[in-house]
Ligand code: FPP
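The chain below stands alone, shown as structure tokens; this is the form predicted alone.
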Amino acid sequence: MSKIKHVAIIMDGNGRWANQRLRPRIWGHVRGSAVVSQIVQAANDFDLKALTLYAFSTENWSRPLEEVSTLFKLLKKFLEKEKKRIIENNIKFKVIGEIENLPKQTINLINEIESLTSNATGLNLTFAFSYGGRAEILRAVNNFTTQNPGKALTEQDINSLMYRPETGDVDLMIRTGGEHRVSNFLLWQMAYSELYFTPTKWPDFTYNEFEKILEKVANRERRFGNVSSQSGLIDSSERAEANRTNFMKGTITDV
């Protein structure tokens, strides 16, 4: 599993899981929140560099108020419960998104844990809450153009202005619940991500299934647009630049 360092998960299916059991959607969220701890533990055990969990999107604000309120409460409850374990396991914690819209007590708790773990060197654990991928990219572009009027943007510039640049690109995105969409999640970071969609709804997602997915995806060949992954990303980048230069000089012609 060494090739996979950053995993992002869309934790989907809570509401449908509850409805299938003739329970309210909120019950599914409560049961789903209990799964988060074991998946964070798994990421730590598997020596991942980063785990990013999609907890609440900007589009989720349109859900019923009771459901939104429950999700806020569950986030706060999780942080209160897991704060000690996060610190003890050397996990560097952060919440990304428009967190200014969260309740003040929750914001204070987020800020406290982020501060206490700012020097941690273990797993980078990120919760995406009130988050949208397009909004993150727009934020980065607007910040750059405000600070550097008239200057052209580079990929490195945008990378550095993402909410959490230290986590890098996503190697694997998992979506539970049977849907086959990325739903505005980490759009910039997932440019070359492997995608894995499982029918398992989030409350039924387990440590063992997570491990099996990692093992399966680790055996995929990731070519990043190249013929073979064996030559490596640096060689591929250098070859691409050489080919572009030769093409402009006329060395490479149409066949």
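Start at 1 with the first residue shown and count on from there. What you are looking at is a predicted structure, and each value in this text was computed from that prediction instead of being measured.
Keep in mind the form predicted together with the named molecule is missing from the figure; the text below concerns it.
Look at 165 to 173, 148 to 156, 105 to 113, 124 to 132: in the predicted complex, residues with non-hydrogen atoms within 4.5 angstroms of the named molecule sit in 124 to 132. The shortest heavy atom separation between I213 and the named molecule in the predicted complex exceeds 4.5 Å.
Taking the partner from the other structure, the named molecule in the predicted complex has a heavy atom within 4.5 Å of a heavy atom of L71. By the criterion of a heavy atom within 4.5 Å, E194 is excluded from the residues contacting the named molecule in the predicted complex. Using a 4.5 angstroms threshold between heavy atoms, N60 counts as touching the named molecule in the predicted complex.
Contact annotation for 28 to 45: residues with any non-hydrogen atom within 4.5 angstroms of the named molecule in the predicted complex are H29, G32, S33, V36, listed in sequence order.
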